[in-house]
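Listed next as structure tokens is one chain, alone, in the form predicted on its own.
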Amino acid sequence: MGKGGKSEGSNGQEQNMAAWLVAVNTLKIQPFNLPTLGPYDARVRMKAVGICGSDVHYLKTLRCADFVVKEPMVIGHECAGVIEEVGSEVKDLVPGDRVALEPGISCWKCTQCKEGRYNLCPDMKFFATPPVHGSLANQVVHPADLCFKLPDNVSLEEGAMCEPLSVGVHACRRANIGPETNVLVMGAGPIGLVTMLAARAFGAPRIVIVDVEDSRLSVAKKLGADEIIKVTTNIQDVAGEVELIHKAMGGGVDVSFDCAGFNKTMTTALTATRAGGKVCLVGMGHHEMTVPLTPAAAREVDVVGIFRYKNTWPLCLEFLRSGKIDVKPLITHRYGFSQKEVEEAFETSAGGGNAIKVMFNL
């Protein structure tokens, strides 16, 4: 079940409670017994846990993409906390250290891991990806090398935000964002916003972001988007909207990030991107799409995908420490860790509206 914990057996510590997904739209705070602390592990008291779109998918449908919840599972994977205990071989962490947790444990034996692309490991054990338990709990046990010390000026909530921010950082690396890259972001949800912030930190001089909701575009503008454009869901409007994008950019679009992943957003991204540019598909709205790939290929537009992230926590923490990225405005709602508050928090996150990142303070 991965290091997060197991549903039987106890190590004699105080009773550890966690938020369990037990059925569709049903979360219950119940005991969560921790595994024995291994020599290279750390026991971490959770202090900040964010809600991700995938958590909501699991709550609503008991599945996300090809991952299906078949038995009760502890939810949550965006997290930070304080070290309570470390294994006998852990040298660089001590009790009391504040840490952000990278949620995926790879095998380090397969070809992908050996090539450094451990995010693609077929045997990845990832918080709250069934059947592995997550981190919305009082305490978890996790490999110490996946627990990253927070700089003194970075809060635990910001530490938890390293997880979604890592998606944006990995996307920017895949797309080779730099000071000469003008960027288009499709979608101003949480991932679109962190991708925009990451692109700016990587040096992108001009960023245009589009969305269907005024409220999200308003947030994007406050966070530093150069231009915002409201679009529709109608595929017939693509040509006109591409003209608006080009006008707003004041030149060619070097890289487009599709942070929604729908037929229309990908069609817009492929059409708007200049010849020789790149489209990075980040969002996974549609499992299959019908898009104008041939015209884009004829203009040598490269299409790259991303899956989660790799080796991003140190850079995310440096961006936060230096002030190059400020994720604090993304945290719009906060809840404690009671049965009532857990239910309310997930309702708030699922409801959209003005909610961007919903955070638990434990």
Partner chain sequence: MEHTQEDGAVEETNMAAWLSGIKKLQIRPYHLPPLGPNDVKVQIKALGICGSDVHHFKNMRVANFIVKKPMVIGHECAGIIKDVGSSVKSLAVGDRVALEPGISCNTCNLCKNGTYNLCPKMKFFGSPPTNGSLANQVVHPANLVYKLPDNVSLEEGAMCEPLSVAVHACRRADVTPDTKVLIFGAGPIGLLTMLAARTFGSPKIIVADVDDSRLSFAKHLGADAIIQVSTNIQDIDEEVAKIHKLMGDGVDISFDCVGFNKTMSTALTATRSGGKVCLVGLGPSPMTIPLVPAAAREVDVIGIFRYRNTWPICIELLRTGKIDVKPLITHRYKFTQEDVEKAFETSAQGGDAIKVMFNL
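Nothing here was measured: the structure is a model prediction, and the numbers come from that model. Numbering follows the first chain given and starts at 1.
The same protein also has a form predicted in complex with the partner chain, omitted here; what follows describes it.
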query	finding
Answer option from 176, 290, 215, 153, heavy atom within 4.5 Å of the partner chain in the model of the complex	290
In the model of the complex, the one of 203, 276, 250, 95 near the partner chain [non-hydrogen atom within 4.5 angstroms]	276
Proximity of residue 68 to the partner chain in the model of the complex, heavy atoms at 4.5 Å	no
4.5 Å heavy atom contact, residue 90 to the partner chain in the model of the complex	no
4.5 Å heavy atom contact, residue 303 and the partner chain in the model of the complex	yes
Partner proximity in the model of the complex: residue 295 to the partner chain, non-hydrogen atom cutoff 4.5 Å	yes
One stretch from 187 to 195, 123 to 131, 222 to 230, 166 to 174 that, in the model of the complex, holds residues within 4.5 Å of the partner chain by heavy atom	166 to 174
Residues within 4.5 Å of the partner chain in the model of the complex, restricted to 114 to 136 and counted by heavy atom	117, 119, 120
